[in-house]
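This document opens with one chain alone, in structure tokens, the form predicted alone.
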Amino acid sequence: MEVVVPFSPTNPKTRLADVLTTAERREFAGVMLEDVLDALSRTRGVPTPSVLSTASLADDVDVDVDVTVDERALTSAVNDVLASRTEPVAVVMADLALATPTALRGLFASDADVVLAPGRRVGTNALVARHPAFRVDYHGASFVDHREAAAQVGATLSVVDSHRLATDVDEPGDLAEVLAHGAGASADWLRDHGFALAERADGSVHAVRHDE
């Protein structure tokens, strides 16, 4: 099996622009990537992953794995990997700051032709493709599209129900999840940059940033 982690270092996490500067978004994205790679490295039986990046990584992104630069859109880049490999391919997104070996084992445990870990906003946060005809489409409700794509090629399907794999960090509201449940460098980075949990008047919890 080949494990690929797509990553976009140039202008990542634009929906966090209200709470993080451009430089901070780049740094935070790099830290989340490091957390995902660390979780994969500690998942028993999983081969060393590689990074599929839209650009060269910055010097401060600390990864000790192979990095392939492909400037194309995510769908095209991943489908090229799927088409060129005869072995199963796993794709794990770089912003799964809550991923742990236990959660990832759930992804790799199934022997279905296609295994999907959906995101909370109907995206696809991780997958395993064993069927040679399966291809991805990461636009819009990709989980629904990938479920249909598996059916169209006659692939067996398994869906992973995991809070940790469903939590991709895209919006300010997601930062509370990292602060509450994260145990890696991403949660530490947020705290070091002044973020903490706070309760609103209606009782809901969110992440707020205090003066550093």
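Please read all numbers here as calculations on a predicted model, not as lab measurements. Just count from 1 along the sequence shown to find any residue number.
This protein has a second form, the form predicted in complex with a further copy of the same chain, left out of what is shown; the following refers to that one.
Within 4.5 Å of a further copy of the same chain in the predicted complex, do we find a heavy atom from each of Val122, His163 and Ala176?
Result yes, every residue of the spot touches a further copy of the same chain.
Classify His181 as contacting or not contacting a further copy of the same chain in the predicted complex by the rule of any non-hydrogen atom within 4.5 angstroms, answering yes or no.
Contact with a further copy of the same chain, yes.
Can you tell me whether Val205 touches a further copy of the same chain? I mean in the predicted complex, with a 4.5 angstroms heavy atom cut-off.
Contact with a further copy of the same chain, yes.
Quick one: does Val144 come within 4.5 Å of a further copy of the same chain in the predicted complex, counting heavy atoms only?
So Val144 counts as contacting a further copy of the same chain.
Check whether His139 has any heavy atom within 4.5 Å of a heavy atom of a further copy of the same chain in the predicted complex, and answer yes or no.
Yes, His139 lies within 4.5 Å of a further copy of the same chain in the predicted complex.
Though a further copy of the same chain is not shown, can you say which of Ala103, Ala77, Val89, Ala112 has a heavy atom within 4.5 Å of it in the predicted complex?
Result of the distance check: Ala103.
Which is the contacting stretch out of 144-152, 26-34, 63-71, 39-47, given heavy atoms within 4.5 Å of a further copy of the same chain in the predicted complex?
Selected range: 144-152.
Who in 49-75 is close to a further copy of the same chain in the predicted complex, meaning a heavy atom within 4.5 Å?
If the 4.5 Å heavy-atom criterion is applied to a further copy of the same chain in the predicted complex, 49-75 yields nothing.
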